[in-house]
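First comes one chain, alone, set out as structure tokens in the form predicted on its own.
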Amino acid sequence: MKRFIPETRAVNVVKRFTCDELVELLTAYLEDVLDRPSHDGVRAHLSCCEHCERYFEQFRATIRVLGDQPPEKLPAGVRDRLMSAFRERHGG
């Protein structure tokens, strides 16, 4: 008697996330470093969760506004004191 063994092949897999899990993945999502199932899961969640979509849009708006800010320079005296404290603490 022959047994029927279904052929295995890749199918579209979409991970499901809670809202808390999604928040932890947003940076990776924006940097496009998630695997395909996770990326698609984030997109699916955002498309059906109004609160997470709003949070995501606020997150992106914050990055647009603050992302290109030049780093603030420390006054020379402050920098020297910090570097000296660091060296003392780390035996350098």
Partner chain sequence: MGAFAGGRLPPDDVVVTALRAGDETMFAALLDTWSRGMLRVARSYVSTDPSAEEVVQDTWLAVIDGIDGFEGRSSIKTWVYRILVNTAKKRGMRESRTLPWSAFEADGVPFPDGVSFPDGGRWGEPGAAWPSPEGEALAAEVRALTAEALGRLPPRQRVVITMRDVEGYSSDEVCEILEISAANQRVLLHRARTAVRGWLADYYGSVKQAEQ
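C-alpha atoms forming the largest set that superposes within 1.5 Å between two forms make up the rigid core. Residue numbers count along the first chain shown, from 1. Since the model is a prediction, treat every value here as computed from it, not as a measurement.
Just so you know, the form predicted in complex with the partner chain exists too; it's not on screen, but the next bit is about it.
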Partner contact for Val33 in the predicted bound form: the partner chain, 4.5 angstroms, heavy atom: yes
Since only the chain is shown here, I'm wondering whether Ile63 would be in contact with the partner chain in the predicted bound form (any heavy atom pair within 4.5 Å). yes
Since only the chain is shown here, I'm wondering whether Arg54 would be in contact with the partner chain in the predicted bound form (any heavy atom pair within 4.5 Å). yes
Taking heavy atoms and a 4.5 Å cut-off, does Ala44 contact the partner chain in the predicted bound form? no
Quick one: name the residues from 59 to 82 with any non-hydrogen atom within 4.5 angstroms of the partner chain in the predicted bound form. Phe59, Ala61, Thr62, Ile63, Val65, Leu66, Gly67, Asp68, Gln69, Pro70, Pro71, Glu72, Lys73, Leu74, Pro75, Val78, Arg79, Arg81, Leu82
Take the rigid core as the frame of reference and indicate whether the C-alpha of Leu74 shifts by 2 Å or more between the shown form and the other one. yes
Does Cys19 shift between the shown form and the other one by 2 angstroms or more at the C-alpha, the core having been superposed? no
